[in-house]
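We begin with a single chain expressed as structure tokens, specifically the form predicted alone.
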Amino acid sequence: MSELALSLRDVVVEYRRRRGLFGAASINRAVNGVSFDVRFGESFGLVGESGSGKSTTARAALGLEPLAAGNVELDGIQLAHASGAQLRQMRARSQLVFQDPYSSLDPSMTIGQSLAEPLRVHRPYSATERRQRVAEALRAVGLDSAQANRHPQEFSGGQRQRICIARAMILDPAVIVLDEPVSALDVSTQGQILNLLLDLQKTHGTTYLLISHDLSMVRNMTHRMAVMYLGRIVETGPSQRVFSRPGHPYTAALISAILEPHRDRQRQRRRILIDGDMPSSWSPPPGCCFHTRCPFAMDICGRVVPATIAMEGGGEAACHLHTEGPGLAGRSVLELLMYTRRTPQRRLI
């Protein structure tokens, strides 16, 4: 049996639009050649700005977006070649926890009915067995099984997200996609939900694909991670290595924006500033997708797409800085800042 719960290889997701009745069609590659693996029992983070393609990648991994190219393999089943029965199996082996717990539950159904629905569709359980599984799922997320007869509007936001997590886990899936699972909750409730997810992973060996723009949460929740920009993955690797020794300027800029709770350390930190907004994926820039905003951009960056370079400490980064200019050769991009302490933060080389 493969150790991989989920594997994406050169995945491309495209959207097309036509200007006018007879106008030429333009193509938006929302996901452009994305590849990564998620092992059983681990948490894998996917981070980036809004519009970078994180959620589209997650939907493609679950078979909810058609692929223009590439392939997805979930628990040993290849999406591109799956039969109807295999697709049904994939639906049971992959689950999604949405961002908004207020719109994720049907207000006309009781909590017990919502949790039992996946069992009715995918498992040949009797009504008694379904009630038992629903009660076990509610207790696993810290709720009373007697609450199964209540409706969603009778619960707080944090309780609703616990219910959504219970519904996702009730089929024992191979992987659960968490799409910004706590961004709609208050800060104290966010901590409770994240601790619950960690506890469930310890007790059940759950596999998570975590989609987020909150890098502090990703640092504490994941074993490995990938950084996306404009539909491409610019860096992958163990989370601790990525945060301590980032290999791509975009990764370093995101990390430098994290607030440091200690005031003096926050003052001493060197920020890597990026100007402007992310370009449109309908008309991406040539060469490196990040070169229009990169403070370290060189001439080659606007002409040639960078190859991925193996990083010291694990993972890869797609940046010309490792082969041209300073020639970092797999070392952290933060080494450039050691020689630019008195240089303005924009266009450091």
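We number the residues from 1 along the sequence you see. Not measured: the values here are computed from a predicted model.
Not pictured, yet referred to below: the form predicted together with a small molecule.
- Stretch-level contact check against the small molecule in the predicted complex with heavy atoms at 4.5 Å: of 317 to 325, 28 to 36, 66 to 74, 285 to 293, the positive one is 28 to 36.
- Taking the partner from elsewhere, Thr308 is found to have every heavy atom lying beyond 4.5 Å of the small molecule in the predicted complex.
- Shown alone here, Gly45 lies farther than 4.5 Å from the small molecule in the predicted complex, counting heavy atoms only.
- Contact between Arg123 and the small molecule in the predicted complex is not found at the 4.5 Å heavy atom cutoff.
- Using a 4.5 Å cutoff between non-hydrogen atoms, Gly51 counts as a contact of the small molecule in the predicted complex.
- Among the residues Lys202, Arg88, His213, Arg139, the one placing a heavy atom within 4.5 Å of the small molecule in the predicted complex is His213.
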